[in-house]
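What follows is one chain in structure tokens, specifically the form predicted alone.
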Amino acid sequence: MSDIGRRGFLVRTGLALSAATLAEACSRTLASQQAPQNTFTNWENLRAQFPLSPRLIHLAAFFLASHPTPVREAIERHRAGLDADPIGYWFEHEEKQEAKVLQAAADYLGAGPTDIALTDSTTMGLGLLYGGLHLRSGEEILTTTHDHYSTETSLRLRAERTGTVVKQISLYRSLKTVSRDEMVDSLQKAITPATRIVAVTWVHSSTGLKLPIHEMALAIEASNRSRDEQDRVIFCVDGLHGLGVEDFSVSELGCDFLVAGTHKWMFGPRGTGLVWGHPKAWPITQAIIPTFNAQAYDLWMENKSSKDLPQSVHMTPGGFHSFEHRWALDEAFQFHQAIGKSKVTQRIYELNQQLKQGLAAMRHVTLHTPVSQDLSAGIVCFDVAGMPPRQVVEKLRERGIVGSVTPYATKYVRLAPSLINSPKEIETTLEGIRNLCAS
């Protein structure tokens, strides 16, 4: 790094002594407060790492995560450093800590660190990606009627601003009869020569339905065989409720972009997220917020172009963030890796099967989420006869069971068993729902 770079700036502004003093102080602090190595022994010990109220059965953890011990302690270490010497600690940690976060995310996704941009949420990532797509006149975006507000609004705002045509389709006729083949076929039939972007959501938070992303990617790949590279259909996925649930690598998934917050199923720090892009797909995006990446900033100070840096660098928004949270994100990925991705998936599937099968057996309950794990992940949606969803959630809360209502025009009761839950809690929940018809 040149003398004009950030470290040179640090020295010239008289902060070198401060940074050295801080480094010595932080080394002593880290020695006494070093977070324990992530290990997994059993589900009970894992649950004990979350400071969740033991009086409640938490079945809405997918909404906003409680921080497990390694993540919580990392946040506190970074917060203490920033509080003690904000500018010194930032200069000493920003570059290397973001590199650690990117590497941990890359290891988890089976990707390269330069394929990933860091964001503050799924919504930010979707807005940056869809708002920054470089599309030619006549090219269209194909999406579905099942997507979340954030996808639909990001695409609407783009259409209003640029005139891009956004076409919506339904992937299935009925949740009762939906199949993987039907959804793939519906997508395939909707792709036209004008289709340049396909934008879908992996797991629908409205119903719990999980899309066959890999099979959809294969269908898009087949369509692309007759297209030139510059006309290739780009497959974009909101992966929020798949990340931290499904056992996958991005190469196996087959999409071009995966956008997700990491403060839900991943148990990451609140206000963190990412956009992964295939190296061949990143050029279709254009950054709309300046990055604060060290290399890009140094090149700017030297009056040099940063266009040769990876596009993911430019797509990581600059400005000042909640750094103690962003820099602790690597601990969340390591937390999951210590358990094992396959164990995570198996546990969530087992708890969800227990819940769905119990609900399906109740005459006063209508289950809307498919029972098959091929068509569902960690979210379960249902209705109770004669009782509005909000009332069901309130009555369950009175029994110490925390759920939510789907934030869509069509509302269902929504429960989401995760790693913090136990089979006993699921049975207690089922018993509470059985008793609703008598209350």
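In this text the structure is predicted, and so the values were computed from the model without any measurement. From 1 onward, residues are counted along the sequence shown.
What comes next is about the form predicted in complex with a small molecule, which is not displayed.
- Scanning L240, M216, L329, A117 against the small molecule in the model of the complex with a 4.5 Å heavy atom cut-off leaves one residue, L240.
- Distance criterion of 4.5 Å from any heavy atom to the small molecule in the model of the complex singles out H148 from the list K356, R158, H148, H78.
- Note on the interface: of 93-101, 311-319, 295-303, 255-263, the segment with non-hydrogen atoms within 4.5 angstroms of the small molecule in the model of the complex is 255-263.
- The small molecule in the model of the complex comes within 4.5 Å of a heavy atom belonging to S121.
- The small molecule is not shown here, and in the model of the complex it never comes within 4.5 Å of any heavy atom of T369.
- In the model of the complex, no heavy atom of N352 sits within 4.5 Å of the small molecule.
- Put simply, T201 is close to the small molecule in the model of the complex: some heavy atom of it is within 4.5 Å.
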